[in-house]
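Read on for two forms of one protein chain; each stands alone as structure tokens, with the labels structure 1 and structure 2.
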Structure 1
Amino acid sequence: MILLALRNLWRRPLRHVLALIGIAVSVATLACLGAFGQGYRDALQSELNGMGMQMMLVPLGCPYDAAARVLRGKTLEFSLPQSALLTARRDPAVSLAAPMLMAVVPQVHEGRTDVWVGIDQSTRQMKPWWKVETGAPWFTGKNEVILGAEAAELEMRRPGDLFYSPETHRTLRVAGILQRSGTADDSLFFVPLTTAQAMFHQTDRITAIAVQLHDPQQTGAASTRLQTIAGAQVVTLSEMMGTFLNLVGAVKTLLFSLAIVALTIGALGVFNTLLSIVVERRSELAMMRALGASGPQIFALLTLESAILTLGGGVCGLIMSAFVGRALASVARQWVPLSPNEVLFKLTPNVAANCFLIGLGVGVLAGVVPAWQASRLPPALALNAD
């Protein structure tokens, strides 16, 4: 029966190739989407794990909270008091709490945005992979700056050079230049925490505290305790990941609907192809019935034809997605919010199998109605032929 089905498909090559292309494009679209989703999730997970922390303490930033405070005539706080750091460090579950003070100074007409980050030794402990390309590995004085690789290149600075901040009127000496990491660190200016506090008039204030736990299993309990620090809210790594995934979710939904449309078009292609086969081969199928082929056998033959068609389309689609997917992912990277630096396209066996099975299922389902019609053709029709 397989040979007969193949021979039947071979009789109208152009029509069948077109139906096969339709299925292939649908499966490729699905596979690209699945692989992109998987890749994004994995890359984000690995990037967040690479941050060396499990949670972050940030100032209360909920817009409802801000509105309530304004309505009550209270001022808004965009930073934490240094005492929050001491409280966090005292928590039994916390192994390391690294404070940071971040200040962004945009100079639109000059096309530059200086991002200053005040840090202390604990940040260095939290980022053991931080490597200094040239110069000292850490500040030797308070008026020193460590530059990210890109920042140093842009400002043409080398260790020992002077570096001036026109907005804060402060001259610093470049202590070291970080190795290129492909992360945001590359374009930042790192200064000692106390220097940043003095530069931006934020004495005893910090923007955030990165928290590393002794045991990541204690995240829940530690989060509940740290949440009690006045003016602070805890954002755990999984919450951060959830937020990022939500951001991508909207784009993914749109793309998924496109994939559904592509899949529907592919299914309609198979449906149309098989229906026209049934119409064209009415007398032939009736002759088969007259010669003793049963209705279920005709049904099986037509279903086999649609299965072969979608099988071929599925394989072609997976091959297509493997070739095109990476290029598409690199283009899509520009529009993805908070895009991780790792590979965004991961066509795992699981994703490939799922897409292949979906394509196959939809294709075979699309062939059911024409096959059913063919199986009900009366043998008497054969007598009308010619």
Structure 2
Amino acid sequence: MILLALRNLWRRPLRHVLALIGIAVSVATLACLGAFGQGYRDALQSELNGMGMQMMLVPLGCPYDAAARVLRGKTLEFSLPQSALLTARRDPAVSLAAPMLMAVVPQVHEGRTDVWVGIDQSTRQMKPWWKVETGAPWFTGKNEVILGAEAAELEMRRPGDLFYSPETHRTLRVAGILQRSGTADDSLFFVPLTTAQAMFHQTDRITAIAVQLHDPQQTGAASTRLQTIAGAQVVTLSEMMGTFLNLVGAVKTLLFSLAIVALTIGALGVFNTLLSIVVERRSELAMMRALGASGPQIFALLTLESAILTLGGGVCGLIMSAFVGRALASVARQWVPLSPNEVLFKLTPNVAANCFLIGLGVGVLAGVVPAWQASRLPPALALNAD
């Protein structure tokens, strides 16, 4: 029966290829959306886990926007008093509290913006994977800077070189260059916290405090206590991740609606193709009935043709998504909040199987009505054959 179904499909190759393309585009759309959602979730979880902290203290305002800006290496309009750091460090649940002061220095003539970050030793303790490619692993003096890998390439500096910042009127010595990590650290300029406070006239002020707990299960109690710090608010990374995934979920809902429309169009293509087959082959199908083929056998034959058509479309759709998915994810990266630096397209076997089965199921269902009509053709129609 399979060979017969293949032979029947080959009779009108152009029509069947168009129907196959419709299913392929639908499956590819579903696969790209599913793979993007899975990739974004995994990459965001990986990047947040890699921060080495469970919560962050930021100035009053929108907590999620503030935390996202800090994590992505962007500055805030407001700051915290340094006394907030001392309060956080005294909390019994806090294992480590790392302050940071972030400042933006526009480079108008070069069409870019430099981000400077003031840190202390606690930042290094919170990031044990933070390693230098060349030079010293930490500052040996106040007037030193550690460059991210991309920042070092842009400035064409090596350890020991002098670095003059005309905007702050400071001459710094390059202490070291970080290994490329694929995070926001790659493009940052790191200086001692006290140096950053002096450079940007922010005496005793900090932008945010990254907090690491002795036990992550103490997050709720610690958050309640730290929330009482004047001028500060607490954002846990689990809350941030949930918020960002909800925002992406809203966008995905719209995109999945478009995918359903595409899937419906593909199903209508299969339906129209199978219906045309029934109309064109009425006499042939009736002859098969007259020669002894039962209604269920005719139904199975047409359903098999529909399954083969959608099976081919599903396979082509998955192949198509594998080729175009990464490019689409790169374009979508700029529209999603807290976009991780890792690959956002992750076509897992589970995602691929679900999209394939959905496409196959919809295509087969689209062929049920034409197949049912074909199975009910009376054998007497064979007498009217030309």
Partner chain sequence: MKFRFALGGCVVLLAVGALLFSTLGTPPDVYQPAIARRAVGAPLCPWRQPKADMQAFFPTATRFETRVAILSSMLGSLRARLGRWPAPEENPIYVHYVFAGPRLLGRVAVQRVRGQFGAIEVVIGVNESGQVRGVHLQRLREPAAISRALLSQPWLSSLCGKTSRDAFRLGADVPQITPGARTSARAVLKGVRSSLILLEAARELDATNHR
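Here, residue number means position along structure 1's sequence, counting from 1. All figures in this text were calculated on a predicted structure; none of them were measured in a lab. We call the rigid core the largest set of C-alpha positions that still match within 1.5 Å between the two forms.
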Mind telling me which structure is the form predicted on its own?
-> 2
Using the core for the fit, does the CA position of V145 change by 2 Å or more between structure 1 and structure 2?
-> no
D91: CA shift of at least 2 Å between structure 1 and structure 2 after core fit?
-> no
When you overlay the rigid core, is the Cα of L226 off by 2 Å or more between structure 1 and structure 2?
-> no
Core-referenced Cα shift (Å), V351, between structure 1 and structure 2 = 3.5
Any chance you could measure the C-alpha shift of E284 between structure 1 and structure 2 with the core superposed, in Å?
-> 8.9
